[in-house]
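So this first bit is one chain, no partners, the form predicted on its own, shown in C-alpha cells.
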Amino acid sequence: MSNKSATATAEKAEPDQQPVVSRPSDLLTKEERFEMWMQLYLARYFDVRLIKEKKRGRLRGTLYSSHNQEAIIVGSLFGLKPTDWISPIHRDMPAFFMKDIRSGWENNDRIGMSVEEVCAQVWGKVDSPGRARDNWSHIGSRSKRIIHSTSMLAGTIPVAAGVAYADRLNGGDSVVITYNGEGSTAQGIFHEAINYAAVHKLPVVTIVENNQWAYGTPVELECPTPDVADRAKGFGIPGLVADGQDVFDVYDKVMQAVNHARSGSGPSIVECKTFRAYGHGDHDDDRAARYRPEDEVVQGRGRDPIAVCRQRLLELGDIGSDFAEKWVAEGKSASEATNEDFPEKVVEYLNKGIDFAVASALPPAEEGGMWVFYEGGSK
C-alpha cells in the first residue's frame, strides 16, 4: 500500500499566501475512492443479508446492525497498514473481514479474517474462529492482528494499550485502533486506559462511534460536553470530531490521528458523529421505536453514507450521472433492499461466505467441554 494517501502534504504557495494543507483524502486516487464506495456497499449488504436470513429462519442469535454507520468502518480501516491492529465491537462486524481488504478481496494472504470465517461465526459452525463457542463478534486473531471482542465496552482499550506497548518494546511501529460507543466513555476503565496510553505516548487511536444512543440512554445523559471528543482535553491528547456519515471525513480524521500516533506523539480520540438506524440489537427494534421519536430517526437516517460518498464521486468526476444511479441501496430498510440495489461483486462475495457457513458442519457435541478446564499435560 502506498503511503502517499495516508500522509497530508502542503501545496507550494505563493510568497504572500499561507500554505494550503491537503487533506489525506485529497491524495486518494480515483480508483481508491471508488473502492471505498464499493466497501460501503459491502458493509451494508452484510447487514441486509443477515437480517433477511434471520427472518427466513435460517439464522439464530442476536444481530447488531451497523446500518448507517458503515462510513466509520470503511473510513477508519482504509488507510491502515496491514500490520496495524484493530479492536472492533459488536457494531463493527464487517470490520473483521474488511481489515486489509484493500490488499484484495480474494487475497488469502491478507492480514484480516475471511468472509467465510466471519459468516461461520455468525452461524455458529465448526469452521468459525471460536468453533461455535459464541456467535457474533466474540472473536479475534493474533495472526490477523484483531483483538478479541467482548461485551464489556471500553474494556478492550487497556488491552489495546498493552498490545501497543508490547509492539513498541519489540521494535514495531504498529498503530492500534479501538472502537467504542459514546456510552462507554462514561465508564471508569475508558479514562484509566486512555490516561495510561497518554502517559506512555502509546500509538492507540480510540474511535468513538457516537450514534446518539447507548442502548436506551440518549447521549445528553451520557456526556456533559458538546462533543464526546472534548474528553481528550483532560488527557492532553488530540480530540477530533468527524462526520460519521462521510467516509472521506472519517478517513481524514482517523489518518490524522494515525500519523500522530505513528510519529511517536501518542494517542488520540476520534469521535464519529452518526446515528443508529435500528435498535441496540434486533431484540431491541420494537422497543427502540418507542423510546426514540420518529422524527429523530428520520432525520438521523437522512444522510446515508452511501449517498454521501456517491455525491462526492460525482462532484470529482469519478463517475457519471448514469452510472451513479446503477445501485441505489440508500434509504432502504433490509426488507426493502434487493440484490439489484448492490454491485454484483458485493453480492457474489457475501454469497460465498454465507454458502460456506450454511454448508459448514456443527461442532461435535463432545467438544462442549473443550477449553473450559485445564486437564493437565504439557502447556
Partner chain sequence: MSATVDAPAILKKNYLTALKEAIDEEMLRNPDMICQGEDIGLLGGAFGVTDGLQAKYGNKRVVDMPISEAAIIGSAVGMALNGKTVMAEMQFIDFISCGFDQIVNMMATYHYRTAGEVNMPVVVRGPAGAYGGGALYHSQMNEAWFCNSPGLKVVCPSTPYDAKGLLKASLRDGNPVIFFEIKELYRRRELEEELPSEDYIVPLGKAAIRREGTDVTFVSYGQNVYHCLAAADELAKQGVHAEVIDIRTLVPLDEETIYNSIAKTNRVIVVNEAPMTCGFAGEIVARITTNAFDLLDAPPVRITRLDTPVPWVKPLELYVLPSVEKLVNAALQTVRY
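Please read all numbers here as calculations on a predicted model, not as lab measurements. Residue numbers count along the first chain shown, from 1.
Quick note: we don't show the form predicted in complex with the partner chain, though the next part is all about it.
May I ask you to check whether Y165 falls inside a 4.5 Å heavy atom distance of the partner chain in the predicted bound form? Contact with the partner chain, yes.
F275, heavy atom within 4.5 angstroms of the partner chain in the predicted bound form: Although the partner chain is absent here, F275 would stay clear of it in the predicted bound form, with no heavy atoms inside 4.5 Å.
My question is simply whether G300 lines the interface with the partner chain in the predicted bound form - judged by any non-hydrogen atom within 4.5 Å. G300: no contact with the partner chain in the predicted bound form.
Since only the chain is shown here, I'm wondering whether G155 would be in contact with the partner chain in the predicted bound form (any heavy atom pair within 4.5 Å). Yes, G155 sits close enough to the partner chain in the predicted bound form that at least one of its heavy atoms falls within 4.5 Å.
Proximity to the partner chain in the predicted bound form, single hit among F248, W85, W123, F96 (heavy atom within 4.5 Å): Checked against the cut-off, the match is W85.
Looking at E296, D285, E192, D173 here, can you tell me which has any non-hydrogen atom within 4.5 angstroms of the partner chain in the predicted bound form? Partner contact (heavy atom, 4.5 Å) among the options: E192.
Specify the contacting stretch among 126-134, 100-108, 72-80, 222-230, defined as having any heavy atom within 4.5 Å of the partner chain in the predicted bound form. One stretch meets the cut-off, namely 126-134.
Give a yes or no on whether each residue among S143, H200 and M370 has a heavy atom within 4.5 Å of the partner chain in the predicted bound form. Yes, because S143, H200 and M370 each have a heavy atom that approaches the partner chain to within 4.5 Å in the predicted bound form.
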